[in-house]
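Just so you know, structure 1 and structure 2 below are the same protein chain in two forms, each on its own as structure tokens.
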Structure 1
Amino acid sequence: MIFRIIKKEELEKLFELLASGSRVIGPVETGHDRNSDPIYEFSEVSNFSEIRLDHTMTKLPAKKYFLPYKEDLAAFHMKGRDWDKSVDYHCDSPSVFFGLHACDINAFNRLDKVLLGSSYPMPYYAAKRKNMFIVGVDCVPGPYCFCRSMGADTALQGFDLFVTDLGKTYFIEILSDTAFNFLKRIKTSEPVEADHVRYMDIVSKKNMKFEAHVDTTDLTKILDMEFQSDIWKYWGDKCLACGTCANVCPTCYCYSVEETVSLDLQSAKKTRQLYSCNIIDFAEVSGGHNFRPERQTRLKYRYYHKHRGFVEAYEDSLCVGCGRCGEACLADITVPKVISSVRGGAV
């Protein structure tokens, strides 16, 4: 990895270079909550001044740009007694993600394992993923963040360059040759010892600000032992089965596919829609049988997928500890609380 120092005004020049041939997606302020705190979301931007690099966690992840909540997979059209099929990967131009936190970058990395690296990669995801340029930015942990517990508080891969605010300058980590070539076009300098010391001091202070924690020691074994625990009924009774947790999660990828045929039988389309394993009909099959009719069972399997099954398959948890699910949950169900109770802690 290569390190550079840039003055703050140079970052805007870098933005303009990146925006000249790509759409740029970054964190913007969209309003305020009931406590008058700013609300952030990822949105397409055309000006550097719109981006809030000091943003706290966005309410929704950037998932809608690479794993849309609804996407047409294929269309079919009749031509006399013959028919043709058209497929659109919905990736017309490169995308620059400017200002992703480490947890969101790690969400990409973990999705890649199943959507790119599995036996059946998803071409729609791959087309968008392969046309990304990612600029990461360091963050200040919020009250729901437990990414440090999940090993997702720092990003070692999956980005092109990563920015840390040193006060008067930016510390830049360069990971790709594309990023290196872009930085040739702005003024940079080699970091000196004082820059490294300042960087380490900022990282140390950040690590002390985490309020939420999850003990992942032997977690897969404990989940196996507590599969029949009554604690799942406790959380299942609280769960509203609304699917909000999956909606705000940067790594949930479960989906359903709907096929629709026009009334004149001359055209049809196949549409994928992201779904949630907490929704009542998620495990319902033809004939009406539901393999998971109870809320407690659906909630339990969501946790087992994130913290047990994915670990077994890919040696990593699917959860990156961003805390969005706990913040958005109307029933106040959070991952730290659930995992703690499974380990025998108080509820």
Structure 2
Amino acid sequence: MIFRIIKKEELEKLFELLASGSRVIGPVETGHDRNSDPIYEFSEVSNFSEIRLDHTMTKLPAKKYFLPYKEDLAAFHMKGRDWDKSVDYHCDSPSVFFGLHACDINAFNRLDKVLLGSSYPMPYYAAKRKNMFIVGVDCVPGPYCFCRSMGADTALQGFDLFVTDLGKTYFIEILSDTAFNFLKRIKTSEPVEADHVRYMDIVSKKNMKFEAHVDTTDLTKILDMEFQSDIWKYWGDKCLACGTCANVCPTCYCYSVEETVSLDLQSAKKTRQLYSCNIIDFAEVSGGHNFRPERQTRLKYRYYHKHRGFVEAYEDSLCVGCGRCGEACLADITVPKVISSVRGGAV
């Protein structure tokens, strides 16, 4: 890793350079909630001043830009007795993600394992993922964040450069050639010992601010042992089976595919729609049999996929501890509460 220091005003210059050739997606403030706290979301930005580098967790991840909720996979159009096929990966231009927290960068790294690294990579994801430039930004943990428990509080790979606010200057970690070349075009300096000290100080202060924790020690085994636990019924009774937890999750990738024929009967398309394992018909198969008709078995499945199955397959959890699902769940079902109840055998 190469480190640099830049003056604060240089970051806007970097933004301008990046924005001149690509669309930029960054965290913006869209309003206030009922407690007057700001609401942030990822959106396309044209101006540096729109970006809120100090944002707390956005309600939704930047998912619509890399795993759209709905995406047409393929279509055909009849032309007399002939026909045309069209397949589009929906990636017309490179995208710059300006201001991703470490958890969201790690979400990419974990998605990559299954969507790029498996026997059948998903080209729709790959096209977008390979055309990204990622600028990470440091953050202050909020009440729902537990990324540190999930080993996702620092990003070691999967980004181009990472910005940490040292107060008067920015500390820049450079990971890619592209980032290195861009930084040549703005004013940077070598960090001195005092910068390193300041950086370490910020990191250790951040570590002390986490309020939410998940104990992952031996979790895969404990989940196996607690498969029949009554605790799942407790959470299943609360669950609305609304799918919100998967929809706000930066790493949930499940989908369904629907085929539709156009009203003039001249064309048809296959559309992928992101789905959620908590939804009633997630495990319904042809012929109508549903393998998981009860809410509790579906909710349990969510935890087993994220914290057991994925870990066994990829040596990492499919949860980065961003806390979004717990914050968004109207039934107040959060990962730290569920895991601790499973470990303790009681709520």
Partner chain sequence: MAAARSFLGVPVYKPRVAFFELSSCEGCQLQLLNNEDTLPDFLSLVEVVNFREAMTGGTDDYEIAFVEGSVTRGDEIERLREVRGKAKTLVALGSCACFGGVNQLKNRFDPDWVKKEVYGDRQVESERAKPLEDIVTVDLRILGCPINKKEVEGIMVNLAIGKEIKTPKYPVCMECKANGNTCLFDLGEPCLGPITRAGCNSCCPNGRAGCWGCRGPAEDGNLAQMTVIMERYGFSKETIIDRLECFGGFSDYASQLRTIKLKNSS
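Note that the structure is predicted; figures quoted are calculated from it, not measured. What we label the rigid core is the largest C-alpha set whose atoms superpose within 1.5 Å from one form to the other. Structure 1's sequence is the ruler for residue numbers, which start at 1.
Checklist line | Displayed copy of the chain that is the form predicted in complex with its partner chain | finding: That would be structure 2, which is the form predicted in complex with its partner chain.
Exercise. After superposition on the rigid core, does the Cα atom of D264 shift by at least 2 Å between structures 1 and 2?
Worked result: Comparing forms between structures 1 and 2, the D264 CA shifts at least 2 Å.
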